[in-house]
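Single chain ahead, written as structure tokens, the form predicted on its own.
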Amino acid sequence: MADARLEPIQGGSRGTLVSDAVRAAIYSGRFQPGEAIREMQLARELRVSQTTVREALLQLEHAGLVVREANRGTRVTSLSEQDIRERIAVRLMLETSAAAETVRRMTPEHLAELETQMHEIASAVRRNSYYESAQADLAFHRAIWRGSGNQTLFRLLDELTVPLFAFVSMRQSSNVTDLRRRVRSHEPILAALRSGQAAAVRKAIHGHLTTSYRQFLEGTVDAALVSPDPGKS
């Protein structure tokens, strides 16, 4: 933990306030990726019980920001470049398949849900909230996965992608230019879903993911790690 201490929690739902305080500490760099988070120390600093801290860390685990391991405690999520590239490769294969199935099952209600998620992303961007925009971004993609009707596929994508979203958003939380780009980058996906064409959706998802992660890695995504552009098959 960095030298700066967290301020004691006062009022409100303590579990949520503790979760918010730790999340803010992660995004501000006071907790670094891979750093251990000590429940007892947090409880003392925030003047809450260890049970409250534990509940807050569980919320953060669900958001992908921390990892809890038996006999090792809790650490801030950390992914190596190889971890990121491997997750990108698998996500590309799974999400393009999920999206192709989703477009075949698309209903006006589902399309309206995706449009709502786009508005949520835009709203978070206007508030300059990187964490909230990342969560709205994830909700948009989850809606696509869920639309496939394949619960196993949804679960695999969720387990694979949540830590990836969290880690990338931690690392890019000060990049306002990237934040503004987030809304525009989803427009081709929504247009492809409206078209009802599986090939168009596969191509849009592929382009969105490879471009987004290429920018994060500051280089070209290794062609050996990603599937070929399905729009060219």
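The numbering used is simple: start at 1 and walk along the sequence shown. In this text, all values refer to a predicted model and were calculated from it rather than measured experimentally.
Form predicted together with the DNA: not shown, discussed below.
For the options Q50, S28, S195, Q32, the residue carrying a heavy atom within 4.5 angstroms of the DNA in the predicted bound form is Q50. For a residue to qualify, one of its non-hydrogen atoms must sit within 4.5 Å of the DNA in the predicted bound form; all three of G15, E55 and G73 qualify. Proximity of E39 to the DNA in the predicted bound form: non-hydrogen atoms within 4.5 Å are present. Using a 4.5 angstroms limit between non-hydrogen atoms, R68 touches the DNA in the predicted bound form. None of 204-212, 40-48, 186-194, 160-168 except one has non-hydrogen atoms within 4.5 angstroms of the DNA in the predicted bound form; the exception is 40-48. In summary, the C-alpha positions of E159 and E69 diverge in the predicted bound form, ending up at least 3 angstroms farther from each other than in this conformation. The pair E159 and A56 is at least 3 angstroms closer at the CA level in the predicted bound form than in the present model.
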